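Here's a solo chain for you in structure tokens, the form predicted alone.
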């Protein structure tokens, strides 16, 4: 029997596993987290007293159903939590679990690696008390902690109002929601956003609830700076009208949407293309998630689509695996899943226009601002390197010379902003600036993990 491995146990990975089990296969499900669910449907530790029903709100029904379905799979799959896939070579996965290295071969590989926050540096962003939006949500869902009592949510993302809602429900005061994208962009994208009316109305409801609670919501802010001597004390913004305002707070959650986690897809041989709307290099797949021979991508690790799209694309990728294994899958099932994925990903493209990546702000960042925290590389360090004789103009050469992107995150955090700085300094497009190439290990591991298990 063919060995099918799924990496990731969020909505996409869980639905892929369910689909394979329904057709008689026993997949291996490898997940870095200790509990399945991914980021959006993260399950709190059993010992943590957290009102998850209150926290999830209207999404609790889907959350509960997903976990119930996964729990029913436990004796039908080979489930390996707390296991990191840190490298891929051919059909071999290199793993580390609880400090112990091992390997796993596969015949078919479904990568359902999810997404992470897309962020850019800001003045004061290195102060204690500054978190990514995802980090703020992990603190709440995984530890039952608030990052502060008086929290500002800044950037440009529909997740700003969602995270603010969750924090407000758990007792935090919301100091500010500041969005760098003008309101006119959101109005312009309404026809596209209407492709998923339920999601659109939910987002509008979050905005309305924030306004009703008295939370200041600013759209089209042209600058953001975080202030404080030894930790966060406030946020200074310049509004669309040019007025400067300082709002007191004790913590900041920052995010400009999400970016797919594509490092493993890169190592597994996926092809990439630059997407000018998302300002990201994204893996190329066919309509069912095939990215290369025996490689299938699902969920936000392939293209940002949200939890519903992740579930549908996970099931669709599993159907593609079954089809390639000559196991019959109803054509109507695959057609329905394709329509769902296409519609929901089109909605996300509308969101990318309504909550835009602030290219102009990033390209104008001051030289003294830290760009790569891991290697302590500033924006000015990159610009200076690119002004020298025979200077690099391609992002990987810039990385080699400045060490920007060589640290613990391997460019996962600083990469998108580095792309903009390089493109601006080289007077070229994001495509011409090149793509940071992935390399193993994709995350820090112990030296022992590189030895034979």
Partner chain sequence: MPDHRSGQMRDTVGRVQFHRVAQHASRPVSISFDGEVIATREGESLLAALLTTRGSLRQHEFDGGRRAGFCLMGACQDCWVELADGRRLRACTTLVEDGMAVVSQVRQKGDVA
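Just so it is clear, the structure is predicted and the values come from calculations on it, not from any experiment. Residue numbers count along the first chain shown, from 1.
Below: the form predicted together with the partner chain, not depicted.
Checking 389-397, 402-410, 22-30, 65-73 against the partner chain in the model of the complex, the stretch whose residues place heavy atoms within 4.5 Å of it is 402-410. Site annotation in the model of the complex: the residue of 146, 162, 325, 369 reaching within 4.5 Å of the partner chain with a heavy atom is 146. Of the listed positions (116, 352, 95, 346), a single one reaches within 4.5 angstroms of the partner chain by any non-hydrogen atom in the model of the complex, namely 116. By the criterion of a heavy atom within 4.5 Å, residue 373 is counted among the residues contacting the partner chain in the model of the complex. When contacts are judged by a 4.5 Å heavy atom cut-off, residue 214 does not count as touching the partner chain in the model of the complex. The partner chain in the model of the complex is not approached by residue 188, whose heavy atoms all lie more than 4.5 angstroms from it. Contact check for residue 426: no non-hydrogen atom falls within 4.5 Å of the partner chain in the model of the complex. If you check the partner chain in the model of the complex, you find no heavy atom from any of 77, 81 and 105 within 4.5 Å. Residues 45, 47, 48, 49, 50 are the members of 45-78 with a non-hydrogen atom no more than 4.5 angstroms from the partner chain in the model of the complex.
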